[in-house]
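To begin, one chain is listed below as structure tokens, in the form predicted on its own.
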């Protein structure tokens, strides 16, 4: 059941559009759910990004131009115009917050209103003016001290509690993104964290159940999400991506940025080889008076490996600080354009000590062959997410007003904020 009210045209079943706004490209998919088959892509388009950096709008006019072109391409392919979109959020301010709430009520059968009361209490307690809630997910319920209850409705007790997972992002960043999209005459029906969407696109059923970490390696930012028991349990983001590797190559090999991007694609690897010293990489000159020069392949590999190692090590340390290492299972799935870098899988296995694979979108029909790689995982996950049943406590676009909720609607219940939430509860 779709949770968003916006639709394009009058076709049945409902048709939805998504926008994947990234640092390297903006992607627009238009799709619909087909009975007994899955989601069919009716139109798809993408445009190289401008005015966007690390998931944030830095030039409103350039970003608007990019979005308009991507949407127009998808509309031409679909044969009709769209009025609303679901958009991704990929920003360095993307964070997880875990809150445990417990309330007391008259001993009776637990009903929907009791669940809503506990969730509302958590929502009020969380309220922070500079953060917008993208997702609010009840992870586990407790009833009279008994933990691990998936659905307490119909059960009896006097103390009802919930472990809530909030995914948040900075209000200012989201306001700018929202304003840019609205300038394209599009209404935002919802915002979804990029690593959440990427997981929807590339994971299989067992990975959702047993525990897995998705690392979406974008051009300007790398985001991560942990799934377990079919629920999103943790997200994080760091402002390091594929463009940082390109910049390192340009500086280290003294070559233009565009040439560094080509060198990364053709010769770049995160794994050293015994023959690297004997091979050279042709590097175009920086200026018109300079000449083409050759640099050893070992120098390029050292540059690429250093940045890739830094990215994985930062994430590893973040996971350790949050106490989710064991909770996240023994598998890691890499997505995003930078995940296609040679040797990325092997390096990730070495640093994390887990099984690693590259994830590609699946479960979509009509997707152009050029858009089936890991660099289109977020866009594919966005359109799949729209048509899937949600376990979230909220729906629709986030509140970007920045108002702090000062008054509690319900009394009672201690709220415990803990960065070690996973260690305390599992």
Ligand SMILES: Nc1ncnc2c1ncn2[C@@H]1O[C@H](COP(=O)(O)OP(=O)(O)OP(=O)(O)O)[C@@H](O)[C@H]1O
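Predicted model only: the values in this text are computed from it and were never measured. Numbering follows the first chain given and starts at 1.
In what follows, reference is made to the form predicted in complex with the named molecule, a form of this protein that is not presented.
- Residue in contact with the named molecule in the model of the complex (any heavy atom within 4.5 Å), chosen from 212, 86, 219, 101: 219.
- Only one of 118, 232, 338, 308 comes within 4.5 Å of the named molecule in the model of the complex through a heavy atom, and that residue is 338.
- Within 4.5 Å of the named molecule in the model of the complex, a heavy atom is found for all three of 242, 265 and 375.
- Of the candidate stretches 72 to 80, 219 to 227, 276 to 284, 290 to 298, only 219 to 227 has residues with heavy atoms within 4.5 Å of the named molecule in the model of the complex.
- When the named molecule is considered in the model of the complex, residue 114 lies well away from it, no heavy atom lying within 4.5 Å.
- Interface membership of residue 261, defined by any non-hydrogen atom within 4.5 Å of the named molecule in the model of the complex, is confirmed.
- For the stretch 24 to 53, the set of residues having any non-hydrogen atom within 4.5 angstroms of the named molecule in the model of the complex comprises 24, 25, in sequence order.
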